[in-house]
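Form predicted on its own, single chain, as structure tokens, below.
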Amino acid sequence: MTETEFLLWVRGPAFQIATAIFVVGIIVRILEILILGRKPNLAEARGSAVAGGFRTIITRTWPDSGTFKRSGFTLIAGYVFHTGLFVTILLFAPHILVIDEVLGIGWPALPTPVVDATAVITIIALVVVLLHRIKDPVLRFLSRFQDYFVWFLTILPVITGYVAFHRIGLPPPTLIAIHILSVELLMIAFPFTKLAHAFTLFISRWYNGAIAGYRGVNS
């Protein structure tokens, strides 16, 4: 298989397979949560479940002072690399063109040097998070194979994208193919690992907030 054939395969059949697994997997995960349902709440309502759900989604977006004081480093590093992933994935011109080609929607991109710098910051933040997890005895004890596997799948597309953009080491078609393949690996693993929290996060926050709101308790 030549470099061009490999790139065409990665952009064609491999991308279609990864997309199908990603979409079906996420739908199944969400349906699993919704189908579980919950027992009817027979207690007298003392507040609004809807308001409580929305309130918790908003308030949990930024941690309270106590949590920030206890885990400030972890929170800041987490916000940095999550923001970096958002910028590099959704505000980089070539990525927006791919999304436009697949979904038919697009939006303005950030200047390329800004995204390039953000990618470097994201890589550094992810490495720092890993080192902190390894160094901290509690985090190291709680960590399992999936935690490190998810970290690897997350940082790999950022590194391969940076290398492909700067054309380091290999011919451009091969670098682009490797980058796309790393993204497809992430997509395939997404529904079956902790990465799925990107979709289930707000559902769980809503659920907890709705229960608290119904009881008239702030969450």
Partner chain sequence: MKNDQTLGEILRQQGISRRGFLKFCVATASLLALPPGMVPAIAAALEKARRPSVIWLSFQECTGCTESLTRSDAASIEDLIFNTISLDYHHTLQAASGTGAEDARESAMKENWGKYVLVVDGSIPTGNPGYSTIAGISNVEMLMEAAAGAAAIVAVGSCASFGGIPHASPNPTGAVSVTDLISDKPIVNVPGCPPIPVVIAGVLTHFLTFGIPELDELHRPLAFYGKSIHDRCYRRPFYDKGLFAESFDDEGAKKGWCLYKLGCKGPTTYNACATTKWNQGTSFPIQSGHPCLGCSQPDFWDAGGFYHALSIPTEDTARTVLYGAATGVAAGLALGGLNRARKAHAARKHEKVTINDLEKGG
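Positions refer to the first chain, counted from 1. Because the structure is predicted, anything quoted here is derived from the model rather than measured.
Separately, the form predicted together with the partner chain exists; it is not shown, and the next lines address it.
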Point to revise | Output flag, I57, P191 and T200 jointly within 4.5 Å of the partner chain in the model of the complex, heavy atom basis | key: no
Study note, to complete from the structure: The listed residue (G106, P137, G78, P113) that reaches within 4.5 Å of the partner chain in the model of the complex by any heavy atom is P113
Check your understanding: Since exactly one of V98, I121, V127, L91 fits, which has a heavy atom within 4.5 Å of the partner chain in the model of the complex?
Key -> V98
Check your understanding: Looking in the model of the complex, any heavy atom of K69 within 4.5 Å of the partner chain?
Key -> no
Check your understanding: W206: heavy atom within 4.5 Å of the partner chain in the model of the complex?
Key -> no
Exercise for review: Examine Y162 and determine whether its closest non-hydrogen atom to the partner chain in the model of the complex is within 4.5 angstroms.
Suggested key: no
Review point. Hey, in the model of the complex, is L131 touching the partner chain, heavy atoms inside 4.5 Å?
Key: no
Check your understanding: So which residues in 1-31, when you check the partner chain in the model of the complex, have a heavy atom no farther than 4.5 Å from it?
Key -> T2, E3, T4, E5, L7, L8, R11, G12, P13, F15, Q16, T19, A20, V23, V24, I27, V28, L31
